[in-house]
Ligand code: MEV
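Encoded as structure tokens, the following chain is the form predicted on its own, with no partner shown.
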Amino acid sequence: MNVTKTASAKIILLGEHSVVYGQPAIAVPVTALRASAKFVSGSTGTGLRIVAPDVEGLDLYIASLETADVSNPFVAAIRLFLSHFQIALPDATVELRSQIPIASGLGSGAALTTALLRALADVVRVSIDPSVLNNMVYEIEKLFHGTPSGIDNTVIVYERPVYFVRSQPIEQLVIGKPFRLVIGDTGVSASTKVAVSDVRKLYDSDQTEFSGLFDEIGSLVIAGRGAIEHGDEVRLGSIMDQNHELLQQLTVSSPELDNLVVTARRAGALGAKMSGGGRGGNMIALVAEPLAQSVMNALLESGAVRIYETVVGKD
């Protein structure tokens, strides 16, 4: 038996960090970048071996669920899944692979967990509802990020653009006109967990000021949704620029991110901003197709270590 399942990356378009405090956010899948989980049965004798060459060369063995080290997110995911369905640990090896850079705001942890649990469901022959899978991946995201918003697991499990408000039903975005994003990777790894914790400290130090700032970001997200639904790229680009300025006030941008944002705008992007936890990772630029290559070239010349491109709303 040989089973392989995959899951896409994601990028937050608008609303990162404020989404943790009840504000809306918009995220979209990056379908060209994927994580995969490949199960091969009967190769360990008794128990489950997890091999993840792209995750710091991870190689570990689970002899039993009772003694499993659940501080590892992938072990915790397997235990949560099997306990939920009351199924014994399978005898197998699973290899996790990912094209998604770690600690870059593209949802590598959620994508790997989603692929892992999708494949495990096939191996043990159970059907898992997307809402149940989403809840499981969210629980594991807590190990990766501490107090996650839930947006990573939601957009990755459902693999569609979403308008997300914590503890409210998922809303699929209506895309008035497909739009193109160029993603520039700074090459700087940064912990989302640390960034989220630092923002929490700022909020605790002055709740009035930072609640107001979160409200401003939330208003931009609502306006951004309207721009997306009406196909107004110019308006969306301006909203992205404003969102970046507010994220700078939250201290989650960085010199490398700011440099790429300015570079993209100068090269003709309609708007640009950091995306994700910040302090490193990726920035995103909204570009018209004729200028996409020029923007990508400019970002590479300005220090981006990798460039990705995705079109949102294209069938």
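This one's a predicted model, so the numbers in the text were calculated from it and none came from an experiment. Numbering starts at 1 and follows the sequence shown.
Just so you know, the form predicted in complex with the named molecule exists too; it's not on screen, but the next bit is about it.
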Quiz prompt | Site check K10, V19 and G277: each within 4.5 Å of the named molecule in the predicted bound form by heavy atom | solution = yes
Quiz prompt | Interface segment, criterion being heavy atoms within 4.5 Å of the named molecule in the predicted bound form, picked from 141-149, 126-134, 80-88, 167-175 | solution = 141-149
Self-check item: 4.5 angstroms heavy atom contact with the named molecule in the predicted bound form for L96
Solution: no
Quiz item: T192 near the named molecule in the predicted bound form, any heavy atom under 4.5 Å?
Solution: yes
Quiz item: Is V196 close enough to touch the named molecule in the predicted bound form, meaning at least one heavy atom pair within 4.5 Å?
Solution: yes
